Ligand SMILES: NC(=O)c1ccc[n+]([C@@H]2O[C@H](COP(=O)([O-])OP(=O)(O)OC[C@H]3O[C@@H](n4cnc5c(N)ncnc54)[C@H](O)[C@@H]3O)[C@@H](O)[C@H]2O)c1
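Next up is one chain by itself, shown in structure tokens, the form predicted alone.
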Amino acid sequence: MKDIQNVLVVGAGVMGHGLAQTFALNNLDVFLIDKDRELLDRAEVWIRENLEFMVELNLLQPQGVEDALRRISTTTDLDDSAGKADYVLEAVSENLDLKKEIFKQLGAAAGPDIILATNTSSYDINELAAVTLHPERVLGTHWFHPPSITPAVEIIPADATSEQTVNTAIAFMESIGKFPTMCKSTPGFVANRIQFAMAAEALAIVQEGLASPEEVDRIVKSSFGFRLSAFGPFEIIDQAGLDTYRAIFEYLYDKLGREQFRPPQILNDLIEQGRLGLKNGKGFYDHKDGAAEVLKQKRDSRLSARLNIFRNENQGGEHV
């Protein structure tokens, strides 16, 4: 794979313009393409507004606005820009037929050693690789909105994707300050599987009249949502105890009778192996001696820092 200096972003919508902005701020030259000039003009306005707000937040010097904008070239010519790009990221709307059409065209227009990535949030990467010349350079890189701020990028190889493609994509994401993590090509990947499971239950609670949308949002933001930027779900399960989680699953399943609350077999298996979490030094993670006290200090330090931000943002319980 060649060094990446020129990036092509296909699609200038809500995600695409933010992706172009992110690459430009990392001193990369960007071709931003869409089907008509009106969409590209709108994207240029959005990018300028975003950059100017970064100046207001003291995240960017005023000169940085023009420097970034100079790095972005807008165009409607896919073949020409693909032929000049060192890396391609497709970010059009979630329309599988459209994405296939674009990947067919990209496969012919881009050099055979150029990574062709898709920002799809749900489609099987194998379907795009299958219609593309040199499918070994096709993979998913699922970014999250707003892409200029949110750290995560899910890295999703197709069956045909080469190890070199994966390694290059991961290194590239890290070089621009992202937090890439591998996952398999399955519907919803990882983040959306979890996110939509939570959304489904939140919607059910409101539909059943158990709480209002405002009450649900307030509870989530001030409880487990507050902790989730500091610790992932398996770290939290280990802290609370696998046996504790199983007991709660059992109670909820008994009272509500819903399959999503049936105690997961993975919990039963680990508990039978004597893995209870931090309390006995082994759960989903292996914990060294003294880990409980170290983790308690880490927990309190991380959450205390987040508490100040939370209080400033939620004085009076206001929401936008």
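The first residue of the sequence shown is number 1, and the count goes up from there. Here the structure is a predicted model, which is why all the values come from computation and not from measurement.
The following text describes the form predicted together with the named molecule, which does not appear among the structures shown.
Location of the named molecule contact in the model of the complex, chosen stretch of 47 to 55, 259 to 267, 60 to 68, 27 to 35 [non-hydrogen atom, 4.5 Å]: So the stretch in question is 27 to 35.
Heavy atom within 4.5 Å of the named molecule in the model of the complex - residue from 119, 148, 161, 81: Checked against the cut-off, the match is 119.
Single option in 103, 172, 87, 143 placed near the named molecule in the model of the complex, where near means a heavy atom within 4.5 Å: Flagged contact: 143.
Residue 114: touches the named molecule in the model of the complex, heavy atom cutoff 4.5 angstroms: Close contact is absent here: in the model of the complex, residue 114 is far from the named molecule, nothing within 4.5 Å, heavy atoms only.
Partner proximity in the model of the complex: residue 307 to the named molecule, non-hydrogen atom cutoff 4.5 Å: Although the named molecule is absent here, residue 307 would stay clear of it in the model of the complex, with no heavy atoms inside 4.5 Å.
4.5 Å heavy atom contact, residue 42 and the named molecule in the model of the complex: Taking the distances in the model of the complex, the answer for residue 42 is yes, it comes within 4.5 Å of the named molecule.
The named molecule contact at residue 198 in the model of the complex, heavy atom, 4.5 Å: No.
Partner contacts in the model of the complex for 10 to 25 (non-hydrogen atom within 4.5 angstroms of the named molecule): In sequence order, 10, 11, 12, 13, 14, 15, 16 come within 4.5 Å of the partner.
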